[in-house]
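Given as structure tokens, the chain that follows is alone and in the form predicted alone.
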């Protein structure tokens, strides 16, 4: 049962990155892809019907941690208190920028919320990448499962101890940002036409070059910081298929982009995200929060709830997942196809 919940949480976080990831990417390219008011509204309309629903998977992942791995929930939410509050404010800013932009017909008002949309989306992508970097690098957990880290200390690779933001986690943040820029640009290309479509495709192509470089650097840095992650692939060689999925997605992005096959390019960036995240999860297992001192790491065993709690949670979780899947199938079918800009709305 512990392994099931580990996989379930990983699945929900992956779905969140896939779905809300293209929203974040759209926000990051918003000021560059759109050259006039009509194009900015078109980008907002492309994500408008789905952006808030996509965040359900983030809430679902946090809720599942609460009842399946309560010790992990307590340790991570207390140790990462400051960055989590920053993420909360960025989520609020991004939501306000999407919903309030069109309430007043004034260029200054629209420009302000366009800037907030860009800032909120960009910083969220970086902070989410940095959060994953902290998990991979390990945190200074004590024997009681608690830790504290400053937001940053310095950015030298040889400094001890490191803050939440250091050279490695910032590198992971930049990798996450570039990934979501490509993913978001591919999505906007799927949903739009004409110049906005061509501009989004061009942004994806240029960002792809940076993504290749950061993927190589990030992979090397990860195995330098946490060489123990290679042990999982050595013990279970079938896991090598996961990084191969990421490589295939990385290659597919540029191939389909050049051929102007936007839907396939978007699916390729989705495959890259899935491959990268599942490779990380596979390498970390059975840890759920690695510690600098390996003996203090939280695992699926010592961080799990009781069998009774997990069994009760499974019932309600299953009901919630059915409702969520039905909702997403309906909403994405209703709003499939190219965006058509109308007088009302975003």
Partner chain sequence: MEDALTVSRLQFAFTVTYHYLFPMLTMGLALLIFVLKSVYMRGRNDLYNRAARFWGKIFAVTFVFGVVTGIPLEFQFGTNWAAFSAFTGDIIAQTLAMEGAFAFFLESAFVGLFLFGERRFGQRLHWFSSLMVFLGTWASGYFIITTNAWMQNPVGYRVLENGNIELNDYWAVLLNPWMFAQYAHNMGGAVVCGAFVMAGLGAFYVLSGRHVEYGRIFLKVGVIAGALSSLWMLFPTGHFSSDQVAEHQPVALAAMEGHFQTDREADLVFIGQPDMEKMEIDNPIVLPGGLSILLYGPAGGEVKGLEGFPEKNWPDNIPLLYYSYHVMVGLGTFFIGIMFLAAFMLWRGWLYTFRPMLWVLMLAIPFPFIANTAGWLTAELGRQPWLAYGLMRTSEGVSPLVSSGNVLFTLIGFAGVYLIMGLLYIVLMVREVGHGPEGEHETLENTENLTA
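Residue numbers count along the first chain shown, from 1. Being a predicted model, the structure only gives us computed values, none of them experimental.
The form predicted together with the partner chain exists for this protein as well; it is not shown, and the discussion that follows is about that form.
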Handout entry: Residue (of 241, 170, 251, 82) lying close to the partner chain in the predicted bound form, criterion heavy atoms within 4.5 Å
Key = 82
Handout entry: Position in contact with the partner chain when the complex is considered in the predicted bound form, options 78, 111, 159, 232, heavy atoms within 4.5 Å
Key = 78
Problem - Close approach of residue 146 to the partner chain in the predicted bound form, 4.5 Å, heavy atom - result: yes
Problem - is_contact(residue 305, the partner chain) in the predicted bound form, heavy atom dist at most 4.5 Å - result: yes
Problem - Heavy atom of residue 299 within 4.5 Å of the partner chain in the predicted bound form - result: no
Exercise for the section: Indicate whether residue 30 is a 4.5 Å heavy atom neighbour of the partner chain in the predicted bound form. Expected result: no
Exercise for the section: Tell me whether 202, 206 and 214, taken together, all sit within 4.5 Å of the partner chain in the predicted bound form, counting heavy atoms only. Expected result: no
Practice task
Please determine, with the chain shown alone, which of 59-67, 22-30, 287-295, 273-281 has non-hydrogen atoms within 4.5 Å of the partner chain in the predicted bound form.
Solution key: 59-67
Completion exercise
Applying a 4.5 angstroms cut-off on non-hydrogen atoms, the residues of 38-54 near the partner chain in the predicted bound form are 41, 45, 48, 49, 52, 53
